[in-house]
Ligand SMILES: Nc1ncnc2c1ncn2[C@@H]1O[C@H](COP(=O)(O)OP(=O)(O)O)[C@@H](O)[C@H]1O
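Here you get one chain, nothing else, as structure tokens; it is the form predicted alone.
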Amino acid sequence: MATATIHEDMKTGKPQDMTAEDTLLSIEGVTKHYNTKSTGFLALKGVDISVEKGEFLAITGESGSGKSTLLSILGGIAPPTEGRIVVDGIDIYALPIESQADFRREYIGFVFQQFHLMPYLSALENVMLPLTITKRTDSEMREMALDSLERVGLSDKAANLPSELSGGQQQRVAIARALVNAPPIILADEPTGNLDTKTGADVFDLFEGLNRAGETVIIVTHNPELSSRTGRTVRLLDGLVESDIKR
């Protein structure tokens, strides 16, 4: 579904308050409650954050602070218990379920700690995967995937299987896959967590380069050295925003 259609769905839902001109993403009073067999658990307790276009934001905090939960909610994967997420003027959880899937494809590029590459597909074919449900031709998809691999410095590895690539190269393929649809937002959950220190720093260099090129990047990391390299760090503690530091 085209972005314009997603906006049309938004108009048919609840009335929306448009965000400020340069605000791309607004997190408004977000809570998340998980029910277990014995008790409930409140992972997020009323989080408010606005993210401008072109920001490089790190979300940090101890294990269990709500970092990954918040990223899943931002990406349209898990609805909040209360509150809303507004992206480009769209209240994403007010969309019909099928339009939420279209939103994720159009607006979000995901990068995870686990690379989630298909072992039997080449690097090029892995990057092409998000395009296979579009109406683009094979040649268009190949060209877009090759361009994306070139952005991460792996155009010479297009024919390689994941098993023929290093961990850092596999993560670069995963980043290329996240970029191939040209989404407005890149969400990365501990993308250096499975890499050694040097390789992790190199991958982080890539995110810095993408941000300098105009990409909006939101990254969850427990590494204070890496988070200090972003333009802004939001630290969560027990489901609340403990600090929000811009550099």
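One-based numbering along the sequence shown. Values in this document were obtained by computation on a predicted structure and should not be read as measured data.
The protein also exists as the form predicted in complex with the named molecule; that form is not presented, and the subsequent description refers to it.
Contact with the named molecule in the predicted bound form holds for none of 163, 191 and 194, as no heavy atom of theirs lies within 4.5 Å.
Exactly one of the stretches 58-66, 23-31, 199-207, 177-185 approaches the named molecule in the predicted bound form with heavy atoms within 4.5 Å, and it is 58-66. Shown alone here, residue 49 lies farther than 4.5 Å from the named molecule in the predicted bound form, counting heavy atoms only.
At the 4.5 Å threshold, heavy atoms of residue 217 stay clear of the named molecule in the predicted bound form, well away from it.
Taking the named molecule as positioned in the predicted bound form, none of the residues of 127-147 brings a heavy atom within 4.5 Å of it.
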